[in-house]
Ligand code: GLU
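Before any questions on how it binds or moves, here is one chain, the form predicted on its own, in structure tokens.
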Amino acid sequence: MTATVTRFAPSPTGELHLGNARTALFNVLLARHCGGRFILRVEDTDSERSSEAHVAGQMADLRWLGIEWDAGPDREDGRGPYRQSGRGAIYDAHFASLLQRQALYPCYCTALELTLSRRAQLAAGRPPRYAETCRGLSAEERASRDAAGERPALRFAVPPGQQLRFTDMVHGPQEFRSDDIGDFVVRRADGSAAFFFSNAVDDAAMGVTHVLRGEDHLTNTPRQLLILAALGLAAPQYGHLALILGADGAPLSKRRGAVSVRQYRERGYLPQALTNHLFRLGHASQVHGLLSLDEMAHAFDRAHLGRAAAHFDERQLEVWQRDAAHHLSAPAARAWLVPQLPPDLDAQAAERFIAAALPNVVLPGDLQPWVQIVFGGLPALEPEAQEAVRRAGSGYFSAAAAAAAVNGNDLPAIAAAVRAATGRKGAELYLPLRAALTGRSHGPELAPLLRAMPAGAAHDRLARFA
């Protein structure tokens, strides 16, 4: 049996947005589930809009998500290069072969002529397709136009009367009539290969067996099957993923300003939160809870890919973010939150504080109020905290402050002394302590929070109400 090979092939014309991130994730999960290979290919034939900065940014985002590739632009394996800008000679050889067999022909139509033709077809109630204006040009006519300096594109001569059938991994059996497709451009007038061509040729050359991509590419598939058949190359199995819709009900896309992976990263989201949310967008799974990529790969099943559009819900992402944050190891939590901490805080104090505050943190910015409460001066009291302090009375705080003077920031010892002096218990015992120590009536567990405070802080905060 042929080993499964999947790929992710972004064009470096912008940042990696969430739809593309999910495509990459599903392809790597399919490969890992089958014990196969996953490759990364940079489709940078659009030289005007592609940039090296976008290549680097997309690769960094993928690695941040935990997505690694077996071969790619930084990991050549003999089937590359994995940048399309370096594969021009390969495309030219295929163009020459197809031209020799008259499967392609030069097209001299200008953009204006093509626009006018489309308008005329629409006005006549016909679907717009290329009118084959240049398909019947004689060799002499072509030579004359070449001599005049016209630079033609190359079009694929779609054979008439064919039924193009394939089984989509998501949408099932598909059928297209070649007569509905129209001759399409495979090489632009500037000599660069068009997407239909380079994408299909590279999949075959790189041994790709399965392609998961957005359903907006579904109508591209018959064109690519025609190209591969004409070249005698094997076609992969295609699966077209339902699009992800944003809050406005429109598909997520770079053109619509969809939030990029980088932006979520900079906002403090954890990669495991994003991958767990994306894993459930358009893929049904009976495996619940926060999963690692290995666990996702084990649970991934292409039969569970849905046909209906999936909705990206940031509230659900926050649920995964909270879960991911609370599963962090102590070193990982420190690395994530250290930019929020006072720069002069020693490692032991930082570890105690993070352990105390982490259950109340979803994003790193949530830590800031507690940094001020724990390491700042005497905290101002919120109204509910003020009322709790007033009801407790000065005798309560005299006992509390005396205990803190002896026992430091030891909450059990302070609470025991106050209980003995006042007879209070439960919320009546602990709420005034929390209010005086933090200025709030709620928050992280008080005992570890108090241990994170500087020495003497408990006494100073309690004594002011004695």
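In this text the structure is predicted, and so the values were computed from the model without any measurement. Numbering starts at 1 and follows the sequence shown.
We do not show the form predicted together with the named molecule, though everything after this point is about it.
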In the model of the complex, residue 70 touching the named molecule (heavy atom, 4.5 Å): no
4.5 Å heavy atom contact, residue 46 and the named molecule in the model of the complex: no
Non-hydrogen atom contact residue 217 with the named molecule in the model of the complex at 4.5 angstroms: yes
Exercise: residue 450 in contact with the named molecule in the model of the complex, heavy atom 4.5 Å: no
Selected contact from 195, 312, 166, 108, since only one has a non-hydrogen atom within 4.5 angstroms of the named molecule in the model of the complex: 195
Heavy atom within 4.5 Å of the named molecule in the model of the complex - the one residue of 283, 187, 223, 213 that qualifies: 213
Neighbours of the named molecule in the model of the complex among 2 to 32 [non-hydrogen atom within 4.5 angstroms]: 7, 9, 10, 11
